[in-house]
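Next comes just one chain, in structure tokens: the form predicted on its own.
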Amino acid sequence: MPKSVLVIHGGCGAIPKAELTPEINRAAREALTLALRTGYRILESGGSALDAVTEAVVILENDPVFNAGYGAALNRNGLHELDSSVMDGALGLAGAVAGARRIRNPVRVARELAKVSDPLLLIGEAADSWAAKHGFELVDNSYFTTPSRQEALARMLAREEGDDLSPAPERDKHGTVGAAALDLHGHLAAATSTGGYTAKPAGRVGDTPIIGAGTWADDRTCALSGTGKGELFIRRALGHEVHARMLYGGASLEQATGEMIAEMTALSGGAGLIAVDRDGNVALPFNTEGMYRGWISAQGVYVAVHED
């Protein structure tokens, strides 16, 4: 009988180690731990990997430390446009929303869309309307706003106005949350959710809601969720590429994920992945200074930001 495993991330745009206050460090680790324990309870009770990753991500969507749901990044017009997706490795079903403005927990709507997978992806007002019709909670767009996100937007716009060509801090550029799991039935699933990057153009869609880019799950290989420069993830079909290297090339999970992060590095893109394979092995590679991340299994709980 397979042993359940859950792995999560809160984005590779982690606060630099030198700037990470004890308060933010504690809050981030507590939220990651709560998300892990929430999802793992579902797995250990015999629940599905899909339900486990969904509810783990809900915890992170509800926490302002992370760039998803409450506390999501603001676009250049000062609004939130939220993206999320889920994928079931057993049947290949998937669901996603992009550019949603009023859905409190986008990952739950993506989970509901995965039940039908037609439509699979809804955008903007259509996503909000579908969510309302199916009983999901809608909120005013201002619900997602926090002072720290307003400050980040101001910093990014000031950089542009001042023609500052130096790289923007990772925490201001992007951030995502995600989860991948193996359940007791041997099935895999993944979920990802994000507000995109600070000062993104209105209508911009990244890799998070694109199945095969930022989210992937297939019982034959692995389940994964990505974080980083979404445009590069889309161009490389990164999630599916990891799967293909394992299925057709015989690569291990560690090899396949490590190779893709190396490709992102060669393209000068900040990136991170969390993944679990069908045997319960986990991988959490990233090329930035830090990545909020963790995993839980029968062996215990692991949570980290900058350390190995």
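Residue numbers run from 1 along the displayed sequence. All of these numbers come straight from a predicted model, not from anything done at the bench.
The same protein also has a form predicted in complex with another copy of the chain, omitted here; what follows describes it.
Engineer: Exactly one stretch in 136-144, 122-130, 175-183, 102-110 has heavy atoms within 4.5 Å of another copy of the chain in the predicted bound form; which is it?
Structural biologist: Every other range fails; the passing one is 122-130.
Engineer: Any chance all of 17, 24 and 160 sit within 4.5 Å of another copy of the chain in the predicted bound form, going by non-hydrogen atoms?
Structural biologist: Verified in the predicted bound form; spot residues all out of contact, no.
Engineer: Would you classify residue 153 as touching another copy of the chain in the predicted bound form, given a 4.5 Å non-hydrogen atom cut-off?
Structural biologist: Because no heavy atom of residue 153 falls inside 4.5 Å of another copy of the chain in the predicted bound form, the answer is no.
Engineer: Find out whether any non-hydrogen atom of residue 211 is located within 4.5 angstroms of another copy of the chain in the predicted bound form, and reply yes or no.
Structural biologist: So residue 211 counts as contacting another copy of the chain.
Engineer: Residue 245: heavy atom within 4.5 Å of another copy of the chain in the predicted bound form?
Structural biologist: Output for residue 245 is yes: heavy atoms within 4.5 Å of another copy of the chain.
Engineer: Given that another copy of the chain is not shown alongside this chain, does residue 240 nevertheless sit within 4.5 Å of it in the predicted bound form, heavy atom to heavy atom?
Structural biologist: Looking in the predicted bound form, residue contacts with another copy of the chain include residue 240, since a heavy atom lies within 4.5 Å.
Engineer: Enumerate the residues of 200-215 that have a non-hydrogen atom within 4.5 Å of another copy of the chain in the predicted bound form, in sequence order, or give none.
Structural biologist: Residues within 4.5 Å: 201, 202, 203, 204, 205, 210, 211.
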